[in-house]
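Before any questions on binding or motion, here is one chain by itself as structure tokens, the form predicted alone.
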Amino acid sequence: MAEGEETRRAIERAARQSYGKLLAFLAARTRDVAAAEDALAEAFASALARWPQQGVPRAPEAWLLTVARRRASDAARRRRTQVDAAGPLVLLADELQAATVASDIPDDRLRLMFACAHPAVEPAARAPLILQTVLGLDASTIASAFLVAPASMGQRLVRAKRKIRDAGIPFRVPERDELNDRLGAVLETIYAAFAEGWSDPAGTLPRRRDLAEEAIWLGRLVVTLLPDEPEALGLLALMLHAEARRGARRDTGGRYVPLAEQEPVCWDSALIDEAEAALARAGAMGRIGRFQLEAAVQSAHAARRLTGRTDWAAILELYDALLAQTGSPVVAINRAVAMTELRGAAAGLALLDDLAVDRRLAEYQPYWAARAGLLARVGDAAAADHAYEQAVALEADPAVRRFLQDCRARLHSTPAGGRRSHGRGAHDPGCRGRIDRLRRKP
């Protein structure tokens, strides 16, 4: 039993750590992402069947790659006609190469990400395609993240993979004059992956914890390859600021702690310093973008460790700039809470009322949590109770759900107008609405 459990863990570890790398390596030669996925799936299925009896190989990645390439070669051979006499020789050479491959497999994930972001791929499919092929998220999770029906997302992904294959899209980091059409989707995807990992602050779910770490690694890699791209630096700064506060989001009893109540001494100063350096480098380039502005918001919050206070006027100004640039209702929600800190709950609530016409917010937890907190502060306990009920129903994190339930329970025990928490911290990147696309269950 113990050996079987250890084998299962080894396969899970290989899937978490190596799936994207192996897929990129397989697809880079054929430019057929779907076929590479099928071959890799068969390789993992073979591992499930054979490793429990034969033991875990010394180089799991190399074993999986060898089997996957053999499966891909078999599939390609079946598709070929006898007219192509040279085909079998090429496939045989591939098999021989795969059989001797070392465990040091090149990591082509960034190339695959840029290939998936090619202008020939429809814009709405670029980030979802990268999330699935490079980072291993399933179609249903991606569909939920982008508020699309799972069947529709599945069709979109199939079309995108077919486009890569049929158009022969090259797997490479694009030239400088091609970056504008691709870099945005790559950065957005890295941040989406980080947010997925950030939703498990205690690190109890290995897949999510690895996603956050992998996203930061990819962010650093993009900065290394493209050191003169300020938005890449801005994204890295944003993720580092968020990661610096991971440990402060739970107290010793596992209870959720919103940003406003976190102790700055619990933040990771080294990560904050690295984030500040990246943001300063980006700012010096004179091309301000969305990720730099979002990182600047987090920098303003991080300054509390030095000043002991939060500069809400600066934060509101940054949200004004973000809203003008993105038009995002997510930014508008955070701006409403910042407005509250400067001009009172009634002013912030009026801004939230203006957003109520956006149907996407009906299932968006941070909207209801922010609304509940502001309604409580203006003394409308009945409306606040309803908003908290909605927020609790939409929250997947047990600790945050308990926090919201406690806020709701205090509605009738706190004097009207008394100051209380807003629910989930509106400026905390743990609200996965920090990503421009709305997420159904942040």
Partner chain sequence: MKYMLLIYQNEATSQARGEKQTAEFMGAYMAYTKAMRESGAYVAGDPLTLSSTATTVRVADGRAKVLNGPYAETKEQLGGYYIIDVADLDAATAWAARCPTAQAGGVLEVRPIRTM
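Residue numbers count along the first chain shown, from 1. The model shown is predicted, which means the values in this text are computed figures rather than measured ones.
Heads up, the form predicted in complex with its partner chain isn't pictured, but that's what we're talking about next.
Undergrad: At 4.5 Å between heavy atoms, only one of the stretches 152 to 160, 276 to 284, 187 to 195, 168 to 176 reaches its partner chain in the model of the complex; which one is it?
TA: After filtering at 4.5 Å, what remains is 168 to 176.
Undergrad: Given that its partner chain is not shown alongside this chain, does A346 nevertheless sit within 4.5 Å of it in the model of the complex, heavy atom to heavy atom?
TA: A346: no contact with its partner chain in the model of the complex.
Undergrad: Looking at the partner-bound form in the model of the complex, is R70 within 4.5 Å of its partner chain by any heavy atom?
TA: Close contact is absent here: in the model of the complex, R70 is far from its partner chain, nothing within 4.5 Å, heavy atoms only.
Undergrad: Please run the contact check for H118 against its partner chain in the model of the complex: heavy atoms, 4.5 angstroms, yes or no?
TA: Because a heavy atom of H118 falls inside 4.5 Å of its partner chain in the model of the complex, the answer is yes.
Undergrad: Decide whether R402 counts as a contact residue for its partner chain in the model of the complex under a heavy atom distance cut-off of 4.5 Å.
TA: Answer no; every heavy atom of R402 is more than 4.5 Å from its partner chain in the model of the complex.
Undergrad: Does anything in 317 to 351 come within 4.5 Å of its partner chain in the model of the complex by heavy atoms, and if so which residues, in order?
TA: Nothing in this stretch is in contact.
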